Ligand code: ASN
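Here we start with a single chain on its own, the form predicted on its own, put down as structure tokens.
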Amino acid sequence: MTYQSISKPKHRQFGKDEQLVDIYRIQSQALLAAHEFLDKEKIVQMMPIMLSPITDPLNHEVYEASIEYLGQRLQLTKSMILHKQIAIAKLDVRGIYIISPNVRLEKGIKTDRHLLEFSQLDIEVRDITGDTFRELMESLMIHIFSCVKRHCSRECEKIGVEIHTPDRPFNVYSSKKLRKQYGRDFEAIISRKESNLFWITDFDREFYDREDPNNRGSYKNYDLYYPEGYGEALSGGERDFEYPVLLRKILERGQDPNDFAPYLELAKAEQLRPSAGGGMGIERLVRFLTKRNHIRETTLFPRVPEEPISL
């Protein structure tokens, strides 16, 4: 084969790439603001884990993303929730955070806000309630938006957006009440109705989210949402950490305890601690700040569900 016979790859248009430079500058400022805020709160940064015998089971089905190494099956990280719980119990710190790459090979999902490969600002704080964590996240978001508005006015003008700093208090809704009122699409409907960031609480999902001890079937978890139809920003909750509770909930969900053996062994030895936390999608944050129509516009190398991956 001669060099001339190799087909040339298709490149993005220069105009879009020039806008992406401004979007990346806004992203850089948003991350700098997050680092500054969390450092002041005495929350310590950890590096991410990409391969592990265990990872987040999620509350929806995805294609398997794993490799075999030295006869051991290792999962690509879907989120660092289990590692965050372990870290917060082992380290003598108030809290930890990670800029964590995640791989979720989604099945049958094609939206304007999902990527197969994305990054989360993943945070976990020891010995606090979900209410306290939500207050912390509201302060974080206000700080991020304020810093981007102050330092990226030129970039925002070039791409045609205006940053509005969120107002407190953020509204709080129950998922069960919203579902009764609006049906199964309640998240999208309420996101379009709201004009400020808001919370939805009490979702039925993963085994590690704390069940209300006074109301079985109700959960001390929460998601933060963007207004204007942009949808979920952050997902989190208080954590269950006691072995009998975790084992019961794993079995109730039809999951195999062996898939979480190292984590359950720590729980059985009473080496996990109470905590609360959450994970915020970086690309979704940048999409909302820059008002992009699709999350693919926040990255030079988008990996979008149901589409082939190039380069």
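Keep in mind that this is a model prediction, so the values were computed, not measured. Note that residue numbering follows the sequence shown and begins at 1.
Same protein, other form: the form predicted together with the ligand, not shown, and the subject of what follows.
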The ligand: the contacting residue among His83, Lys220, Arg104, Arg134 in the model of the complex [heavy atom, 4.5 Å]: Arg104
Contact residue in the model of the complex, from Asp202, Asp240, Asp122, Glu155 (heavy atom within 4.5 Å of the ligand): Asp122
Option from 40-48, 278-286, 251-259, 264-272 whose residues, in the model of the complex, bring a heavy atom within 4.5 Å of the ligand: 278-286
4.5 Å heavy atom contact, Tyr225 and the ligand in the model of the complex: no
Any non-hydrogen atom of Leu247 within 4.5 angstroms of the ligand in the model of the complex: no
Partner contact for Tyr208 in the model of the complex: the ligand, 4.5 angstroms, heavy atom: yes
Non-hydrogen atom contact Gly236 with the ligand in the model of the complex at 4.5 angstroms: yes
Those residues of 46-73 which, in the model of the complex, come within 4.5 Å of the ligand by heavy atom: Asp56, Leu58
